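One chain follows as structure tokens, the form predicted alone.
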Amino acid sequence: MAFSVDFYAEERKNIRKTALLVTLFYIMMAAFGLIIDFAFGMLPIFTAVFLSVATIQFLVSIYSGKKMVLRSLKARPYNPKNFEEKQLKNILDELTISAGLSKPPELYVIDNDEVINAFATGFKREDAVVCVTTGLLKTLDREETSGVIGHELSHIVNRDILIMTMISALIGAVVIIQIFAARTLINYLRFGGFARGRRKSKKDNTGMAILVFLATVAGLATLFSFLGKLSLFAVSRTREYFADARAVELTRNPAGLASALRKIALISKKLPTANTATAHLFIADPLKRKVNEKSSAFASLFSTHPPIYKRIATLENRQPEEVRKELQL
């Protein structure tokens, strides 16, 4: 490949990043609460509420995040009586040993023959999951499947799943506040605010104060959520390149992963059960959004994955534009 990586340094860096991320998030949520408390003279009500929401979301992601992701994507445990799934389990077991993991991750399957994709999730290495679509099992050969499984194991070994789970959970806490404030604001405007405003004296500023308060909470939550998602996208893009590199180290075969990515780009369809909350977990965007295949500065801000033609070009040590023309992207 065109670049080399110190994977052990990357793993340590991910752990430090996660600790820093959680600390910064709690500081952000406290600041968020304090701004509202001081602005409306309610200290420490909202500071305590926002920190509580962050803690609950944090704990839920640790203990139930994996199950929630698998349930939302309609994934099921692999069937050892199915020949293709048994072969996949053998590949996973072999690469688990190469990756130095103490035990293989759990194996799950999404029943969709038109989609070629895979992801890894979980909070720790010991409770990690690798999940693939039946389309991947039916379309990729052993070398290509090994490349994809090596990529997903790399996310587990590098502890990418830890940092991605944390970012998703923390953004989720802000989104909960954003949705609550926005819905309360809309309901107040529809059913309470204007009606009371017409009946009461102009000197009564209660209605306006409530409107300003709800709009402030919804606005700040939207801003923090937006900034959080941009950071999630940036982390996700970077981790894909590192996982590709480590997959090559595990399989000693860059051609297998490159060929798998080529089939994903040309054949795979959109996964109906995926959404924006889970798309960043997959080896390639399951929503097939065009922004992920563009390389402009604007597209780079909002894409969850690096352009697939660039990943193939790196694996094959070729010029990106040459691969892009070949794929007609």
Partner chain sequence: MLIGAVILVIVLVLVFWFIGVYNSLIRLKKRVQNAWAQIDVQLKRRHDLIPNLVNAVKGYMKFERETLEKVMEARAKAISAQGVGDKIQAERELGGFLGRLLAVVENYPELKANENVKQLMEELTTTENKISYARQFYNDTATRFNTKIEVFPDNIVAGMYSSKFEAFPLFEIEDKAEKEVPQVDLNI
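Model, not experiment: these values are computed from the prediction. Residue numbers count along the first chain shown, from 1.
Note that the form predicted in complex with the partner chain isn't included here; everything after this is about it.
**Q** In terms of non-hydrogen atoms within 4.5 angstroms, which of the given stretches 158-166, 130-138, 97-105, 110-118 touches the partner chain in the predicted bound form?
**A** It is the stretch 97-105.
**Q** Hey, in the predicted bound form, does residue 238 get a heavy atom within 4.5 angstroms of the partner chain?
**A** Outside the cut-off, so no.
**Q** Is there any non-hydrogen atom of residue 251 lying within 4.5 Å of the partner chain in the predicted bound form?
**A** Although the partner chain is absent here, residue 251 would touch it in the predicted bound form, with heavy atoms inside 4.5 Å.
**Q** Counting only non-hydrogen atoms and a 4.5 angstroms cut-off, does residue 191 reach the partner chain in the predicted bound form?
**A** No, residue 191 stays farther than 4.5 Å from the partner chain in the predicted bound form.
**Q** Is residue 90 close enough to the partner chain in the predicted bound form to count, meaning some heavy atom within 4.5 Å?
**A** The answer is yes: residue 90 has a heavy atom within 4.5 Å of the partner chain.
**Q** Are 67, 123 and 124 jointly within 4.5 Å of the partner chain in the predicted bound form, each by at least one heavy atom?
**A** No, because 67, 123 and 124 lack any heavy atom that approaches the partner chain to within 4.5 Å in the predicted bound form.
**Q** So which bits of 222-245 sit within 4.5 Å of the partner chain in the predicted bound form, heavy atoms only?
**A** Nothing in the stretch sits within 4.5 Å of the partner.
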